[in-house]
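First, one chain by itself: the form predicted on its own, in C-alpha cells.
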Amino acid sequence: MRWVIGLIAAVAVLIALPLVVESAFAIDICIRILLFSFIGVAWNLMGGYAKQLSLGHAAYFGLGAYTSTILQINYDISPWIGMVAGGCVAMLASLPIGWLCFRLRGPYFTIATIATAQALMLIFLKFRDFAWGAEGTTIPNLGNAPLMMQFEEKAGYYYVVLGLLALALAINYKIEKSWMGYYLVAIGEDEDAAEAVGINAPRIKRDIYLISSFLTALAGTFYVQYIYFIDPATAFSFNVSIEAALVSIVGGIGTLWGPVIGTVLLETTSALLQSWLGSGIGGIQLTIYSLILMAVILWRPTGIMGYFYELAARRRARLVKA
C-alpha cells in the first residue's frame, strides 16, 4: 500500500512541476531526463531483461525521426500520426536487422548493432533529394500548434514526453509480470539452457526487439520536434545508443525503475556540471562526469536498484530471524 501512495504522490508532483517551476532551463533539464528515461526503458526491454547488449538503437531513433519529419514537411501530415508511422517503420526495419544480428552473440552482436546504425546514417547522408543529406533541414515553426506537436511553452513538450514515459513503463511492467518477462530473464541468464527447456529464444527476442524499436522510434519523433532540426548526425547519433545503455546499467538493468533512476543521476549531474563549470576549463565537466560514472559502476555493479534490492533482502532476513 505504501508504494501505491508513493507512486500517486510522485505522479502528482510530476504533473504539477511545470506549473510551479518558472525556469525554462530547469524545464529543459526535466524534459531531457524524461526523454532519456523513456529511451532507457525501451532499451532495457532488450538489453536489460534479455541481456542482449545492443548499441544500435540509434537506428530506430533515427528512422522514427526521419519518417515523421518527411511526412510532415513533404505531405503536411501531423507528427502525431508520423510518430506512429515512424514506430511501424522501425518495427519493420528491426525484422531483417534482428534476423542478421541475432545470429551472433556477445560482443559480436553488439558490434553488429553498432554497424547497422552507422550504415543507416551513411545511407541518409547520401539521400540529398529525399532526406536533405548531410545539411539536414529545419522543421517549420508553426507557433502554438498542438495538433502538429508544437507548443509555445516548454510545458507542452514536458507533458508529451511524460506521457510517453508512462506508456513505456506500463508496457515494461506488463511484460515483466507476464510469461514473456520470465522467458526474457531465462534467455538473458543462459540462452542455450532456455532453449533446452522449450523456450523459443529467436521468436522471443524478435518480439521484444519489435516492441523496443517501436518505442525508441517514438522518442526520435519527439526529439526532432523539440529541437526543430534534423540531420543524419543528430538522428543516428551514437550517443543516443550509449546513453540508453548507460542509464540502464547505472540504474540497474532488468528492473522497471532502473533506467529512470540512472537517467535522473546522470542527466542531472551532466546538466549541473555544464552549468557550474561551463567551458572555462576544456573538458573538465566530461572528466568529472566520467569519474562519477566509473565510481557508480565500480561501487555497485548491479546498479542503484540492485543496491536497493539488497537492502530490502537484508531487512526481510532480519525480520525472519526476529
Partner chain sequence: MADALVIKKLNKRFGGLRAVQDVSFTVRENETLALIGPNGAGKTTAFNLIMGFHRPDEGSVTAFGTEIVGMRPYQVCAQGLARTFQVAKPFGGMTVLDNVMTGAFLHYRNPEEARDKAREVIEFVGLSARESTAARDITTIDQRRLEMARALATQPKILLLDEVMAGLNPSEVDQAVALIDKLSGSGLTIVIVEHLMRAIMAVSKHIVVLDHGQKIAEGNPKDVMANPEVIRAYLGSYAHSPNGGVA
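Positions refer to the first chain, counted from 1. What you see is a predicted model; the values in this text were computed from it and never measured.
The form predicted in complex with the partner chain exists for this protein as well; it is not shown, and the discussion that follows is about that form.
The partner chain is not drawn, but in the predicted bound form it has a heavy atom within 4.5 Å of Trp179.
In the predicted bound form, Glu195 approaches the partner chain with a heavy atom inside 4.5 Å. Contact check for Gly136: no non-hydrogen atom falls within 4.5 Å of the partner chain in the predicted bound form. Put simply, Glu189 is close to the partner chain in the predicted bound form: some heavy atom of it is within 4.5 Å. Proximity to the partner chain in the predicted bound form, defined as a heavy atom within 4.5 Å, holds among Trp132, Phe222, Tyr209, Tyr183 only for Tyr183. Listed residues Ile199, Leu169, Ala85, Ile73 were compared with the partner chain in the predicted bound form; Ile199 is the one with a heavy atom within 4.5 Å. Note that among 170-178, 228-236, 152-160, 75-83, the stretch whose heavy atoms approach the partner chain to within 4.5 Å in the predicted bound form is 170-178.
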